[in-house]
Each structure stands twice: as structure tokens, then as C-alpha cells.
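To begin, one chain is listed below as C-alpha cells, in the form predicted on its own.
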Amino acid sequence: MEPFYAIGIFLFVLFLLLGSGVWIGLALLGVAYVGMEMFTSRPAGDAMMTVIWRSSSSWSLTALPMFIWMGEILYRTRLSEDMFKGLAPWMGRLPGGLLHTNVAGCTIFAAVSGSSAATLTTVGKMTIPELRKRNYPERLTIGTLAGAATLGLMIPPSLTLIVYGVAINESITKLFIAGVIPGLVLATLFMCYVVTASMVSKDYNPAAEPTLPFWDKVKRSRFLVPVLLLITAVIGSMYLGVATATEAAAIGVIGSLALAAAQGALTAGNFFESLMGATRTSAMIALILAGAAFLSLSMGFTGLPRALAEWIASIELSRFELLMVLLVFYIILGCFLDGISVVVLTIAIVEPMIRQVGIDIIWFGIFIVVVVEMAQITPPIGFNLFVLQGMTGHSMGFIARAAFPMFLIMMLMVLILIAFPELATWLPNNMRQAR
């Protein structure tokens, strides 16, 4: 019973610290410190120093600040304006019209930014005014943007997948490549929703788009070429085995700096702001990872992960039943914590469970990212909802209702992943390894 007694202690201290407003990283360190003092005779300070250094000096983590910096640089360019110019001529004649630019734009920007919030802000600042001007239903505009922006967590480079890979000691490159097909499938489901909603919605009556000759559409597509080349260089270099995730991040930073310079957006001010923005975000994630590493060590001394794995084995849950339990667990946890915190807080306990029932580690990384995506649009702490509230001025209730169909689509995506696990495993199993 001692491991389960330890659960109560850990949860009490964690919620006490979080409720007092302490940063999540410091809260995790505090919980781990209490656990070390109560459940082991090893000096807590010595253990904390050793574990934090080991977790912080991981070579895999070097990709994290560079991918964040790449997104910060592109956030300060005219990328969203160029994407709309390049996409609008092709999307305007589809059922659902320019609402598809929300999904397509988020998909493209997600492939050069690992952040859901950056994807939402970059695409939203251009599409929301344009869609309002053309009388598209506000509910569909807000809902599709809220859902599609979560693709920033799945389509590489994904900050959540980097954190998951470091926490579980798995190849970041393989995790990135595993997210490509599920990300595109989810984007396709979002576009199918746009088509269906445009047909059944009573207030769908946008202004008609002018018909453009084919070659004019092709000419406007030139605005998409730079970012598509950047995406190809980053993802293609990893898939072909030319570069590791860290090396691909360096390619991405150089490419984004070149793109910003070509657009005339690479001023000294923008360069400094992007660097400081990347530093702040990286430091925040590094603190959370350090706290999680120390907490994992502390929980290991209690025998908690092993005891839970044995308990799962004793009640003989099937693979599907365990995944459904974890789905509900992560959705509830995601209502109160951000995605990266959810991953690092739970992975030490969840890893033995999934290994016990033979779940593929790479596949589970994609599963957990889809569920974390749901948390981005789930009240009361859904981060995308807060960003949209600041951008549009709508009430939280209106935005949450508009995003709810996208939440259901993500639930469908979870079932599709379970039914067809090859969606997440085929590409990593067939990629070349970087030398």
C-alpha cells in the first residue's frame, strides 16, 4: 500500500503548490524534494543536482531552442499575409470557400513552428479580418482556426514531441516523422468538417470570390514557394537521413533567417525580439523538464511506477481499454494544465503501463499529442481559447462552443489511430537513419 499512499502525498503537495501560483517547473521540483525527504535516505540536494544536470545536458534538447527560434523569426515576417495570398485563389471555389485557408494555413505554418499558439496567432491575424470582410459565419471562422491551430503540436517540428522524446528516451527524428501522416489526416478531417458545415449551416452566405484564370492562380502561388522550400528542407532532410532533428533545426533557423531577410523583416529589433522570445520559452520548458526528471527519480524510490504497472497487469485491461482510460485521464488533466506539463508530469507513471500491454512507444507519442491537442481547446485552461479571446473579443463560452466540433473530430482521430496504427508507424519504420 505504500506506493499508493505516496500518490496521495505527491498529489497533495503538487496541487498545494500549483494552487499557490508557483511556476509548474518549481512545483514539480518541490513535489520531488518532499518525496525524496519522505521516502529515501539519499540526500535530496545531491540527487537534485545530479538529475537536473543529466536531464539538461541531453543532446536531443538542443533541437528545442532552435525550432522555437525558427518559429519566433517567422512569426515576425509577412508569412501569414503571403500564405493567404497564395492559398486564397485555390480555396475560394471549394465548398466552404476561404474557411479552408484556416486549415491549410495552420497546416503549413505548423510545419515550421512547433507551437500551437504561434500557429494560431500568425494565421489568425490575417484570416480573421479577411473572412469577416467576406461575411463568413463567425462561429465557423473561430472554430476552424481554434482546431486547426493545434496541428502545431503534431506536424513536425513539434515541441511536445521533443519533450516526449527526451522524457521517454526515444528518437526525436522518428517521432517527428511519425507525426506527418496523422497530422495530414487530421487536417483533412478538419477540411471535411468545413465542407459539411458550409452545406448545413443556415447562416453560411459569404461574398462570392472573383473567378481567376488558372495561370493567375499559379502566379499567386509564388508566395507559398519560400515556406514550402523551408518545410521540404527541414522535414525532408530528416526523412532521407541527411540530418538529425538537431541538424534539421539548424537548417530551419538558417532558412527562416534567409526568408526574413528576403522579405525585409530581419531588422535588429526583430532579431533581438525573436532571440529573447525563444530564450524565454526554452528556459520555461527546460525548468519543467528538470522538475519532471527529479520527480521521476523521486517516484522511482517509492516503487510507484512499478506498482501501477503491476496493478494494470493484475486487472487484465486490454490494449483498447487501457487507451480509453488514458484518453479520459489526459482529457481531464488537460483541462487544468498545458500540454508539455501534462506530458512530463505523467510519463514516468504511464510508460511502464503502456510497455506492459505492448503499445508501441512511437505510436503512443502521436496518441498523446492528439489528446494534448484537445486540451488546447478545452475550458477552463484551453490556451488556444484564451488567445482567440484576446484576438476576437468574444466570450470564452462562444469560443468554446465554436471549437467543440473540432474537439469531436480529434476524438475521431484517436479512434482512427487505434484502428490504423500504421498511420503513425509506417514512415518512421521506412525512413533512413542519419549517419
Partner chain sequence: MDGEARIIRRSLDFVYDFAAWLSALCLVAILVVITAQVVARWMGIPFHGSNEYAGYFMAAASFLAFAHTLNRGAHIRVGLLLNALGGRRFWGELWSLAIASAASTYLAWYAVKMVYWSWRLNDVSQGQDVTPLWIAQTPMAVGAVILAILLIDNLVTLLVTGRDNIRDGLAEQSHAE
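Quick caveat: nothing in here was measured; it's all calculated off a predicted structure. Numbering follows the first chain given and starts at 1.
What comes next is about the form predicted together with the partner chain, which does not appear here.
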- request: Spell out, yes or no, whether the shortest heavy atom distance between residue 403 and the partner chain in the model of the complex is within 4.5 Å.
  value: no
- request: Check whether residue 127 has any heavy atom within 4.5 Å of a heavy atom of the partner chain in the model of the complex, and answer yes or no.
  value: no
message: Can you tell me whether residue 279 touches the partner chain? I mean in the model of the complex, with a 4.5 angstroms heavy atom cut-off.
response: yes
query: Does at least one non-hydrogen atom of residue 38 fall within 4.5 angstroms of the partner chain in the model of the complex?
result: no
Single option in 362, 345, 166, 153 placed near the partner chain in the model of the complex, where near means a heavy atom within 4.5 Å: 153
message: Which residue, 229, 332, 261, 283, is the contact with the partner chain in the model of the complex, using a 4.5 Å heavy atom cutoff?
response: 283
message: Among the candidate stretches 189-197, 269-277, 138-146, 212-220, which one is within 4.5 Å of the partner chain in the model of the complex when only heavy atoms are counted?
response: 269-277
query: What are the residues of 242-260, in order along the chain, with a heavy atom within 4.5 Å of the partner chain in the model of the complex?
result: 242, 243, 246, 247, 250, 253, 254
